[in-house]
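So this first bit is one chain, no partners, the form predicted alone, shown in structure tokens.
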């Protein structure tokens, strides 16, 4: 019996929306000029007018005083007048690079100017916790799955011609500060055969990659200690790193110029309807359709219900929590509604180090088989480095504090072992960011959820969402506007594999 036929029961419906009262009164300010300070007149009529005016002022003051009592509706929170519209076509939840790429491609593909009304809702306008701007900014074709390789190739082509896509009239051209130094993967004897298999897949997909023996590796990069290295894989083109902030702002600027509107706020709920369908096995299946999105305004009790036809979940590390608001993952364990969206935040540390005698301008983005990576950052002996923690040692995600002892214990020893010059490095700064980590198979989830027929997902990229954002944005726009993928077949990244518990494992995760 198919997985669909095993689905029992009716999906639970979303809770109704709350209501709030908009406050328009202004609190009396004792520092403001008042008629009480005017000079007294000796004339009777003037004195009577003044007394009437004073009584009116005192009555107003009493009313204002009553308004601040606990029983009143007065609030000190700011009233935000930048409310989203009451109705739009598409709401994109998440203003990271993936969300803005989708917004851009939706407007780029619309048949009539203004034909699709799109808004982007982002809860963190400073991007202080955004995965996009806290990443290492790399792009590579060296993946194990053809889908990821094709996403990288398409995205690299987009970035190479970025001003043809994201240039805005009378604005400065986009400069991603792209460094074409390539990626260099190192493999020991245990995993060398996997590197060879990946190499064949990459070449077949059109990636320009070469394999290097330890001798060839040492000749090309004499600063590497090749001890333990059995094979290396080096990207010859379309690989390197760039400025994530510039790419995000380029997508955002272009999308806004095409008519997309951005709003600062947090999606805190949905209003939906449920249609109950009966399978051939006479089982009931609840299929939800979102009718409106509740957008809570920042520093305010205000919210705006936004009626919409489609919602795009591009909320990154928090996309699983967003899906829970619609009951996904909260149903019976033996049902589809009991299967959560397997995306959660994972904290990663990035350390900036200085080493005047370190590798030079030809330094690639090196990935050691131990998991430690590093790349050059600008000029003058500065590098960024890090490593993903072991599965059982994942750091707390309640904050973005950096664990400096982690560098001393887990990063530096392996880094200095591979590049002896790094024995003399000094840490100059560090930051932490979130991966939108797919705990199921570390691959992106792209497509509509089968139990919510108008919520499209673009999440779970586990560290390579930034580099794939141009191609992913186009793919999601094709799904929404054309009904299917048109340029790259990404059906394998849909929810079917998750519901049927058939992971598509990517073996080249950094």
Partner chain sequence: MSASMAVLHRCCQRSALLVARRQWISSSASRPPLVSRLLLFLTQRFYDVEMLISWKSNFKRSQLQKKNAYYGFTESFYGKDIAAAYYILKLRGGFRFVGQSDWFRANRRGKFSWDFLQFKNTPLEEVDMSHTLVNYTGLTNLATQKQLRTLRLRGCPEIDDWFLARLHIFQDSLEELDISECPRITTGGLVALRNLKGLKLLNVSSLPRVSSPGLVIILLEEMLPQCQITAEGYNHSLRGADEEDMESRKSLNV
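Since the structure is predicted, the reported quantities are computational estimates derived from the model, not experimental observations. Numbering follows the first chain given and starts at 1.
Just so you know, the form predicted together with its partner chain exists too; it's not on screen, but the next bit is about it.
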Per-stretch contact check against its partner chain in the model of the complex, the hit in 228-236, 393-401, 342-350, 311-319 (non-hydrogen atom, 4.5 angstroms):
228-236
Determine whether any heavy atom of residue 156 comes within 4.5 Å of a heavy atom of its partner chain in the model of the complex, and answer yes or no.
yes
Heavy atoms within 4.5 Å of its partner chain in the model of the complex: does residue 173 have any?
yes
Can you tell me whether residue 281 touches its partner chain? I mean in the model of the complex, with a 4.5 angstroms heavy atom cut-off.
no
Please run the contact check for residue 180 against its partner chain in the model of the complex: heavy atoms, 4.5 angstroms, yes or no?
yes
Which residue among 124, 334, 362, 197 has a heavy atom within 4.5 angstroms of its partner chain in the model of the complex?
362
Let me know the one among 145, 211, 430, 256 whose heavy atoms come within 4.5 Å of its partner chain in the model of the complex, would you?
256
